Ligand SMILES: NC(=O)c1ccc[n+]([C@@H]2O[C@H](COP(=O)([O-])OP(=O)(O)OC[C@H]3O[C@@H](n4cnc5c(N)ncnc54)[C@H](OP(=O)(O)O)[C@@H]3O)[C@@H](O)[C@H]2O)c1
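The chain below stands alone and is given as C-alpha cells, in the form predicted alone.
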C-alpha cells in the first residue's frame, strides 16, 4: 500500500480506501462486511468512509462493528451530515442544531468516541457558511471530530469557507470529496484539481468505477443480483447508454493489452494524479476487493501512448 499526505494535516491516507455506500448495511451482513474490511486493513487500507444516511444509518452500525477491536490509532473513519435523517423540518441540512444532533447519532451508531473526518455532505444554501465553520470548530474543540471537509461543494463555496476560517482564526476544511471516474471527469478536472493544488487541500474521490460500469460487469446487460438489477437503483440504469458501453469495451481492449482488468485500469488511471489523496472504492465481494487493491503500483504501465489512447476513447 502507498500512502499520501492529506493536505497540511500530517495525516497519511492509503491511496485506495474502502467506502460503505451500498455494501455495508444493505447488501452485506455484518459478518461479510467485517471480513472484507479486515482484509482491506491487513492489506494496508487505513481509511474507511461512511455517512449518516447510507442505508438509513445501518452502514455506520455495520462499519462500527467491523472496526471493533482494531487499534484506533491505526485507522481513519469519516462520516457525513446534510441529508434528511431525522423527523421534522430541522432533521436535515447544516444548521448547528442538525449537525450537533447528527454527530451524536453517528458516534452512537459507530460506537466511537470521535470521528477523524466529518464531511458536510452537500452545501446548504439556507445556512451561512460562517455558521457551518463555527459549528465544525466547536465539534473539534469538544473532541468529537478531528478534521472536517466538504463533499460536492462548488469550488467558490469551498474558498468562502477557507477564507472565513482563516480570517476568523478558525480551522478550515482540509479536504473535498467529489465524484470522479473515467466517465465523470468534469466535476474534478474543471476546477477542483486547481483549487486543491492552490489551497493544499486534500481530494478524496468516490464512485471510481461509475457504479461498477467501468468494471465491465454490464457490457452484456444487467446481471442478476448486480447493483443495478435492484429496484432501489433502477434510476441509475440510465447510465448504461450504448455510447458508455462502447467506451468501456474499448477500454477493456487497452486493459487486456496491459495485463490488467478494466477495473484496475480505471483505478490506476485515477491514481496517476498526485492531487488525489485517496480513491474510495466499494466492494461487496472479496474478489472485487483484491482486484481493486491490485491496481496499486500499476501507474508505470500508463505510458504517454496509453494515456493518449484512453483520452481518445473518452473524448469520442
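Everything numeric in this text was worked out from a predicted model, so none of it was measured. Positions refer to the first chain, counted from 1.
Note that the form predicted together with this ligand isn't included here; everything after this is about it.
S.K.: I need the one stretch from 158-166, 117-125, 183-191, 100-108 whose residues put non-hydrogen atoms within 4.5 angstroms of this ligand in the model of the complex.
M.R.: In short, 117-125.
S.K.: Taking a heavy atom within 4.5 Å as contact, would all three of 208, 211 and 291 count as contacting this ligand in the model of the complex?
M.R.: Checking in the model of the complex: 208, 211 and 291 are all within 4.5 Å of this ligand.
S.K.: If we define contact as a non-hydrogen atom of the residue within 4.5 angstroms of the partner, is residue 281 a contact of this ligand in the model of the complex?
M.R.: It does: once this ligand is placed as it appears in the model of the complex, residue 281 has a heavy atom within 4.5 Å of it.
S.K.: Is there a non-hydrogen atom of residue 19 within 4.5 angstroms of a non-hydrogen atom of this ligand in the model of the complex?
M.R.: Yes, residue 19 sits close enough to this ligand in the model of the complex that at least one of its heavy atoms falls within 4.5 Å.
S.K.: Taking 4.5 angstroms as the cut-off for heavy atoms, does residue 227 touch this ligand in the model of the complex?
M.R.: Yes, residue 227 sits close enough to this ligand in the model of the complex that at least one of its heavy atoms falls within 4.5 Å.
S.K.: I'd like to know whether residue 68 contacts this ligand in the model of the complex, with contact meaning heavy atoms within 4.5 angstroms.
M.R.: No, residue 68 sits far enough from this ligand in the model of the complex that none of its heavy atoms falls within 4.5 Å.
S.K.: Sort through 254, 32, 263, 271 and report the residue having a heavy atom within 4.5 Å of this ligand in the model of the complex.
M.R.: Contact residue from the list: 263.
S.K.: Pick from 199, 215, 85, 95: which has a non-hydrogen atom within 4.5 Å of this ligand in the model of the complex?
M.R.: Filtering the options by heavy-atom distance leaves 215.
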